[in-house]
Structures are given as C-alpha cells and as structure tokens.
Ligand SMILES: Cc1cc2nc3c(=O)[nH]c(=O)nc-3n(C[C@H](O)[C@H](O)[C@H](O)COP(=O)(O)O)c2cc1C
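Before any questions on binding or motion, here is one chain by itself as structure tokens, the form predicted alone.
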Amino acid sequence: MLSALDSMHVRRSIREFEPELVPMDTIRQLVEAAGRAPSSKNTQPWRLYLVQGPALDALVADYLAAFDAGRPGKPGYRYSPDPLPETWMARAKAVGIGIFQHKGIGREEKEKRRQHDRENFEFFGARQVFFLGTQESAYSYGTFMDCGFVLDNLMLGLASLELGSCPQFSAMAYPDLLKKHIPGSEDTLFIAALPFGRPKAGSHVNAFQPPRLPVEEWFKVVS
C-alpha cells in the first residue's frame, strides 16, 4: 500500500479501466475511511451511492441514448464561473488541446471528438462508479467543500491501493437519469461521479498527465 504522500503524487485521472471488479470488502474499508473526512459541526452532509452490475448497464444505456440524441445537459448546479478567469481559461484550453493531441485527434475530426465526449457517459469502461451527492434542499458552498473532502479521500484511498479513478462533473448532465436509476435519491443533489477500478495495462490514454503549476506560483509563506 502506498503512503499518503505517494498517493497524492501518483493520483491521476484514469480514462480506461480493466473489467475486473474491486471486492466489496475493499470498497467497504475504503468508504469507511473516506467517511472520516471533516465537516462543519460534524454535519457529514454527504451521500454516496455505488452503482455496478445490471444497474450500471441500464444507467449507461440511458446516458448514451440521451447523449446520442443530442439532449442538452442540465446539471443541478453550475460548476465554474462564466467566463472563466483568463489564466484558468488558458489552462483549460491547454489540457483540452493536450489530451486531443495525445489521442491523435485533429481539430477537424469532429466524429472522433464526439466519441471522446461520449466516453464520459460510458464511465471510461469502469464497472463500478461512485456517485457523490448531498441533500438537495439544504446545500451551500460549505457543503460542497465538506463533500469534496470525502471525494478526495476516495481518490487518494484508491490510489494507495494502486487503483484508479476519474472525478467527473460531465456525468452530472442528466440528474433525472441518476434519480431514475438510483433508488432513494429523489431529494439528492448529485455533485460528482467517480468511476474507479484497476487502470488498464498498457493504456495509451492513461499515460496522459497535464502539467502542474510550480509550487512557487500558488504557495506563499507569510512569517
């Protein structure tokens, strides 16, 4: 098992998975550890759903039908400011161009770009997906931060076990389909999806890693 610091360094977004399932006892240990995350006044506002097997197959089928029909996405919340700050936009464009170049997809290859987007709704072939949410009627900015602690714990925990994941906002496009396929989630605001599993051996796309800012650009010491 990797150390916490090593897990932070090796974690990356995985976009191609082996078909094997992570054992339920491992998942249980992971979820229990992730639930140790801090939250304001110990409110623990998160909700976590694991979707796998026939339930995941049915969800993917509905997602792909919606995507292929060109149905506009309608997430339950806005992820980013519009417009993005200039420096953020530059990084976002760079990573978009970078992954297309890594996959050998040209600017005018519209069908390949569409297939690239479509992979989000297949969860990159993962056979198990976490869906993180909170109570729809009671969320706030702080609630999102608390839930983010759990999401980070899950990703780092998976990395420590030499497993991979890919946090997704894109999968929040059709919250009505999530509520259709996840019993008891009618009053849930879905925040993110987390496909996970063992990274596919020899995968080309999994080798993509966008550059990180030098620490000096975002870390300041005040003394």
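In this text, residue numbers run from 1 along the sequence as written. Because the structure is predicted, anything quoted here is derived from the model rather than measured.
Unshown form predicted in complex with the named molecule; subsequent notes refer to it.
Asks: Please check if residue 67 has a heavy atom lying within 4.5 Å of any heavy atom of the named molecule in the predicted bound form.
Replies: Contact with the named molecule, no.
Asks: Residue-level contact is defined here as any heavy atom of the residue lying within 4.5 Å of the named molecule in the predicted bound form; does residue 203 satisfy this criterion?
Replies: Because no heavy atom of residue 203 falls inside 4.5 Å of the named molecule in the predicted bound form, the answer is no.
Asks: Is it the case that residue 46, even though its partner is missing from this view, gets within 4.5 Å of the named molecule in the predicted bound form, heavy atoms only?
Replies: No, residue 46 is distant from the partner.
Asks: Quick one: does residue 120 come within 4.5 Å of the named molecule in the predicted bound form, counting heavy atoms only?
Replies: So residue 120 counts as contacting the named molecule.
Asks: Picking from 156-164, 47-55, 24-32, 169-177, which part of the chain touches the named molecule in the predicted bound form when contact means heavy atoms within 4.5 Å?
Replies: It is 169-177 that comes within 4.5 Å of the partner.
Asks: Just give me the single entry in 95, 145, 89, 138 that has a non-hydrogen atom within 4.5 angstroms of the named molecule in the predicted bound form.
Replies: Among 95, 145, 89, 138, a heavy atom within 4.5 Å of the named molecule in the predicted bound form occurs only for 95.
Asks: Mind listing which residues of 9-46 have a heavy atom within 4.5 Å of the named molecule in the predicted bound form?
Replies: 11, 12, 13, 15, in sequence order.
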